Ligand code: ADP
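Only one chain is given next, in structure tokens, and it is the form predicted on its own.
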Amino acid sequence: MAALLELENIRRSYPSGDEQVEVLKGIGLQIEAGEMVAIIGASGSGKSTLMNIIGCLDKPSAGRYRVAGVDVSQLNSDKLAQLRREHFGFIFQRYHLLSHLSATQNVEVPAVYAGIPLARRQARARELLSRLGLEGRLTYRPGQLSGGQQQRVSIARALMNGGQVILADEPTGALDSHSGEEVMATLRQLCAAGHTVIIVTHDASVAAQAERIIEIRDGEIISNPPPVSHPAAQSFTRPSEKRVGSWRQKLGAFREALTMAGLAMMANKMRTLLTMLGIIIGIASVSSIVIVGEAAQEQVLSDIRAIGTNTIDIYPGKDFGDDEPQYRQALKFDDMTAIEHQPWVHSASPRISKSLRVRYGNRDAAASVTGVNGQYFSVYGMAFSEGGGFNQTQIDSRAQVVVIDKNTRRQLFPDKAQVVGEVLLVGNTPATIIGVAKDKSSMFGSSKTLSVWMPWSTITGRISGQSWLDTITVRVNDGFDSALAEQRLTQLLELRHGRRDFFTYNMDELLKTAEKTTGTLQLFLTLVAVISLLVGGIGVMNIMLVSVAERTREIGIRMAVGARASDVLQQFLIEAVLVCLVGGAIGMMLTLTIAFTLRLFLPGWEIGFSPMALLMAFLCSTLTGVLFGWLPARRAAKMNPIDALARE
């Protein structure tokens, strides 16, 4: 029957500059199940390298190594991890416990990667620690334990998944004599229980307690007594084929990785907080700009709609600024009547503008006087603080009535509580005030001009005698395409005039332009905020890279007890995503605070918080964690366990 561990002509060399330094030189060795073997040699003799190859932490440069008849060179990295996890147990000179985990949690680590349920592995860990005399130290962290107690935790961890082969590297090297004797007594008990125990040491007194002593010098075995057969030794099964776990197993593995990631984050609170800071600022910036940008855009568009959307203005001439005399009288009263009769027209309002002096008592001011009809105020969404607008009877009778704005009221009537019914002179024509138009709050500010409005018929019949119109404002029926209405207006007036001596201005074009402009501005500001999020993501990547460098030994420990490269990748990736998600959540809370604060200072703004913004922030956080956490996680997963364990 083949030996449990068989090494044939094992060689191991390492590069040193342009040369190769050979550490092991044709090692041949057999170890039977149940033996207690000591490999002894001076420092630099190659004994630790040999132990690493036996424990499948390292691979030989040449030769063949078989475990229970299986050629290790034929196993991939996941199979090697499975072999370490299910059959080997490591006891290190420096204990190699994870400082942020309790004694019980440290012992559980190999079982976590083996997929053993939580309750079972906790019970197993407590049982092992109790057997080793640590029942009163289950929740203690390594820093709270003595050296001997830490080594016993390490032994319990080695036994967690069975540990048919115990590999002890200088197990008493960092202990006092009493603790060292206790550890050696424990190893002898394990051997008596059927475990195969391999001790690597330079201490002859420690080696003397083994059944068989193998001496190595300068990479060659100089003493190798024959192996001792142990019929009662634990059986060693070959590595099983990888099975596809159920969704519950996969969910459990993910939950365990999430738990370990959370524990690692809590162990380094300041580093975690600093890592989150960039994400918090980035998410808060993006979310705040989206929310405030939407509110500002809506405010701008609301102001434009208040001016009168779905309206078309008709002016004489070819374009703004055209003062050719031949075009000045292009728009006639009959044009307005013809326009009013179109089925797609809601209303049409003429405008005749004059600059006149307005007077009340001894007060006098220049004002813009506009002749309009009763529809004008509804077309432009104007409200009244006093009185109201014109009716059709007043227009038909050329009534001497006037509507004034707040500026005019303040200028001419500073001390009057009510001005409706007062008479003022518009030019030289007395007119009774029937309404005061309210100021319209706007992001564009309020006009400083004094404005008054009179029936257009009054201006043409009593003030100017003008027989043409300066402007016609047409309001299109709701739902009717304003571009088509503009086209039909043009056709109608061209047919009436026999030429094109007018031009139109569609207010919907202003609205579309404003939408485009504000949208572009919001996109620009969002991109600026996204840059801050990217900077935060780069910060996450940098901190995670530093974290990988700082936790190199931890990575080596996890790989030594059976973690696959995919397990390490998953854990560090989950940590990055978790950092970003928590940072994103804090960033969203900060955004809410900003939104509520803005509501206090900008009560007129409609500042909302849509679920879409919350979803986008969540996705941004997750993607940032994945994108910027992938490189550090991949670097951690590709580490060589030997190099990682050697890092102090």
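Numbering starts at 1 and runs along the sequence shown. Note that the structure is predicted; figures quoted are calculated from it, not measured.
In what follows, reference is made to the form predicted in complex with the ligand, a form of this protein that is not presented.
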Let me know the one among L623, L590, A42, A62 whose heavy atoms come within 4.5 Å of the ligand in the model of the complex, would you? A42
Only one of A633, I10, M639, V23 comes within 4.5 Å of the ligand in the model of the complex by heavy atoms, so just point that one out. V23
Going by heavy atoms within 4.5 Å, which of 577-585, 66-74, 43-51, 25-33 lines up against the ligand in the model of the complex? 43-51
